[in-house]
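What follows is one chain in structure tokens, specifically the form predicted alone.
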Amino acid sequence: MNATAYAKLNLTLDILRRREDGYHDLQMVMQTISLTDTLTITPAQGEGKITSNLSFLPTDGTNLAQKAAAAFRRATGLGGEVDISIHKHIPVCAGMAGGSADAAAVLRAMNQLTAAGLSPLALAQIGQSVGSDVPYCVLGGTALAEGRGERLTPLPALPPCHIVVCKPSFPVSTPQLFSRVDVRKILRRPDTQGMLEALEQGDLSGIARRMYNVFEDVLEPWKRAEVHAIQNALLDAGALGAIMTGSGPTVFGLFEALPQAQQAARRLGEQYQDVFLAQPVSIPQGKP
């Protein structure tokens, strides 16, 4: 069975507090987009294995797609070992939940393969044991994510628009970013309530004005400078707003007009390898 994994973007990302368990309580408005990976899930002859078009992806049982298949079997008692082949288009370590999206795609596919008939919410609950972003990636669309990301509230859809996504070549360590965050010293936060109201009104300009990610402020200075350079390039090309997604380093901008978005993607493509033109999507439920 073939399955589709959808990349996510953060329209907002706020860190509210550090919890006693060492994790942080987050508040994020999330959106799935049309940038996808393609997975093929096949019943295995013996122990399941994983392959990919990227040689550096883990295949030793730590891959989230493998973990998702095992979590589904534990939760349902259904299905045997599976071979998973992943064709990656979503950049790796990019703040776009590529690994979590692959895990969510496996859960949807296993649900179909075994005729388990689980609801999307039941699959999302299984996904909690795999990773914090997996429940959202199961459900997709536009949603408010709270806690570690597992508490989800569906929101009105992001209005139709064109999204230019650009990933610079350097990596960002999520644990390192979290270690730099002092919640008491966060001076600028996203207007989450304003974002929810703008989504309710279908106001794309209002949505774009309220996009913000607190992680941008704790990047190393030279990385922050490059992120801001990409943001400025998107804004100069006509983006209504541009921010970093997740823990980065990927930056995206929202455009009303397709020609402006295409021109921005062409210009950034002259300097960066990972540049994509996408649209907001919801995930067809009941399909892998």
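Just count from 1 along the sequence shown to find any residue number. Everything numeric in this text was worked out from a predicted model, so none of it was measured.
Another form, the form predicted together with a small molecule, is not on view; read the next lines as being about it.
None of the heavy atoms of residue 43 is located within 4.5 Å of the small molecule in the predicted complex. Proximity of residue 230 to the small molecule in the predicted complex: non-hydrogen atoms within 4.5 Å are absent; the residue sits far from the partner.
Heavy atoms of residue 206 never reach within 4.5 Å of the small molecule in the predicted complex, leaving it off the interface. Of the heavy atoms in residue 63, some are within 4.5 Å of the small molecule in the predicted complex. Residues placing heavy atoms within 4.5 Å of the small molecule in the predicted complex fall in a single listed stretch, namely 84 to 92, out of 121 to 129, 148 to 156, 84 to 92, 191 to 199. The contact residue chosen from 211, 109, 96, 166 relative to the small molecule in the predicted complex is 96, the criterion being a non-hydrogen atom within 4.5 angstroms.
Contact check for 57, 100 and 247: all three have a heavy atom within 4.5 Å of the small molecule in the predicted complex.
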